[in-house]
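Only one chain is given next, in structure tokens, and it is the form predicted alone.
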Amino acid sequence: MEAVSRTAQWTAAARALETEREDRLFADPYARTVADETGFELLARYDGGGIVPFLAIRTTYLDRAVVKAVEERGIRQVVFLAAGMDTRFFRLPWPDGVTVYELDRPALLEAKAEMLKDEPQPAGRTRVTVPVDLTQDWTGPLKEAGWKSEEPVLWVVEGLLFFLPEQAVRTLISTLSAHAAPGSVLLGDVISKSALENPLARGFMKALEEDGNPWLFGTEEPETLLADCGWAVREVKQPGEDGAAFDRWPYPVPARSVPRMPRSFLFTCDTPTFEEGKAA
């Protein structure tokens, strides 16, 4: 797999550690399989800075937001962009009729398929893998795979945006908005620019760069970014805040008014038309 794809195994290793805790927040019985040795080697290499608790919190926040979106909105098509070693198709309680599309690089999807080849496919749901390069046209292949742009969609961009340059981030989020029918939802995460520049994270950032996985993008104002790209922001949470703590975050949560602080953000967005309809 490409270097950037191996980070998917790193996050899978963190999910495996959470799964094996007695007080686990979620159970991912496939995580250790897809993490393989590579994932745990990278977890040790990138250790520090609250990475493991953050990944547990991010997974839990998005798990719950995904389940809520399909239950409350009746959304039946879910798209994971840069799906990596995500196993939510297998482990979440999906309603009947849901189709989960997983977009990622061909080599990663092939490796994942080999790792999970012996796992039974859950009934009542469909998984479609779409091999693409997200820096190129991906909406065409997604439509060819069965996705219907006229129906509500749940977009999930987990662990992706900080690997992209700013213009690519804006183009991607705007593309998601342009292809979101009323009632659609966007879930994801992003970091602050200060997190990229944090002196305490220099070793971590250097290791990522040496491994071919540099983090490139951060923003202090995720609300502005998302709104500028066509989304109605429902919530933005820092790990440790109410709704994004789950008894896992070990550090104080700095107020947003405090400048130059490294931060991570978890967000939930709606299509503007849906928000307007609720207000009416």
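No experiment lies behind these values; they were computed from the predicted model shown. Heads up: residue numbers just count along the shown sequence, starting at 1.
The form predicted in complex with a small molecule exists for this protein as well; it is not shown, and the discussion that follows is about that form.
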Original post:
Is there any non-hydrogen atom of residue 102 lying within 4.5 Å of the small molecule in the model of the complex?
Top reply: no
Original post:
Does the 4.5 Å heavy atom contact test between residue 133 and the small molecule in the model of the complex come out positive?
Top reply: yes
**OP:** State yes or no: in the model of the complex, is some non-hydrogen atom of residue 204 no more than 4.5 angstroms from a non-hydrogen atom of the small molecule?
**Re:** no
Original post:
Could you tell me if residue 159 has a non-hydrogen atom within 4.5 Å of the small molecule in the model of the complex?
Top reply: yes
Subject >> Heavy atom within 4.5 Å of the small molecule in the model of the complex - the one residue of 237, 58, 248, 32 that qualifies >> reply: 58
**OP:** Please pick, from 173, 190, 82, 153, the one residue with any non-hydrogen atom lying within 4.5 angstroms of the small molecule in the model of the complex.
**Re:** 82
Original post:
Which of 105 to 113, 92 to 100, 193 to 201, 176 to 184 has heavy atoms within 4.5 Å of the small molecule in the model of the complex?
Top reply: 105 to 113
